[in-house]
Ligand code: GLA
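Before any questions on binding or motion, here is one chain by itself as structure tokens, the form predicted on its own.
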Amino acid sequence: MLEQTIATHYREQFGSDPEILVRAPGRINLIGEHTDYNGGLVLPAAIDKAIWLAMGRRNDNLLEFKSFDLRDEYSGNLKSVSKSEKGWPNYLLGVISELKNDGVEITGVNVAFGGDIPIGAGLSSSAALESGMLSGLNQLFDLELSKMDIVKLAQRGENRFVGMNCGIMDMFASVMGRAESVVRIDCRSLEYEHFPFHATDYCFVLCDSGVKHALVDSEYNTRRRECEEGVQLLRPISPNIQTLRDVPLSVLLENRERLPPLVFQRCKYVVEEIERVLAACNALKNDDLKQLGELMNQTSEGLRHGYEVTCPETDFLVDKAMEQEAVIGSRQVGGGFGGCTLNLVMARESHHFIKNMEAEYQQQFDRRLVCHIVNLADGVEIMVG
């Protein structure tokens, strides 16, 4: 098993058994894409693709990290935590930096990690790594952090240290996930509610386009600024407008002349997407998966034509998926510009669906398509090494 492999690598790297093993899952998001940083609602779930971290304390201030998937390592010191040119260590260093900023004291630590979350596929491998690292440090050093503390610290690490101005959804889903459930998160109040997803006749299939997004260097932050511009231009209407969460669709449509056309287009997508989250929760309550699939398709159209964060490869995958009768919903997931599509597929047809998609993608792009059937899983878990 993967956790045993990581534990073995830890022993080979550091010459001792890990004190703990941490499983930190990736996530999918059914509905609510790019709404989190607009104070809106999201509907993610943790999945059975995860990063495993083997961790142990040191008696000095050294930080020793080993990434077995990347076949790379990093050495640093708690006394001088600074960004690494390698990139990947910054997700671990960022949460340590935020702990230091809060006056939390730890000693050095050894970390070996690896997993089966496709990197750059929009499944939040970075949030899983941050959430897992913090959860492990919390256990090792008896920091008494709550799950919500971990979620907030993980987001701060990515915002302030890594430089990715992301919302809180990814960390929240990785920490708070529950098997066979999705979680609706109010990204402003941080209130949340789990909704059961018992769909034995359907399953989720991820199709990985192989297009790797680099959100820090992409237009993600540009989209966020466009939304903030919209809020600023709409605020004179009412002092209660703090984020797009506060703007009903009717108000946005009535005041579209206040906004540049592109800004209006971005805001309209977000406002409609927040409403789709509520509709999706009602669909789940009623076990109406066809309605859920239709809402996913509406999100897909909005991402492609309104928010403009898709790419030719993911557009192709969505179009081809919807040509198959077994599929009732398909859309790109994650921040955008590549990564995976999420497909709601009749379970008995899932392997046939995958075979068809692999053939279509190979013919169109001369590139192998990797697909994953995923199940909804519990959030971060810790085991004694």
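Heads up: residue numbers just count along the shown sequence, starting at 1. Quick caveat, the model's predicted, so the values are computed rather than measured.
Absent from the display: the form predicted in complex with the named molecule. The rest refers to it.
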query	finding
Exercise: Ile168 in contact with the named molecule in the predicted bound form, heavy atom 4.5 Å	yes
Gly40: touches the named molecule in the predicted bound form, heavy atom cutoff 4.5 angstroms	no
Exercise: Gly32 in contact with the named molecule in the predicted bound form, heavy atom 4.5 Å	yes
Residue contact check: Tyr220 to the named molecule in the predicted bound form, 4.5 Å heavy atom	yes
Which of 60-68, 352-360, 333-341, 312-320 sits within 4.5 Å of the named molecule in the predicted bound form, heavy atom basis	333-341
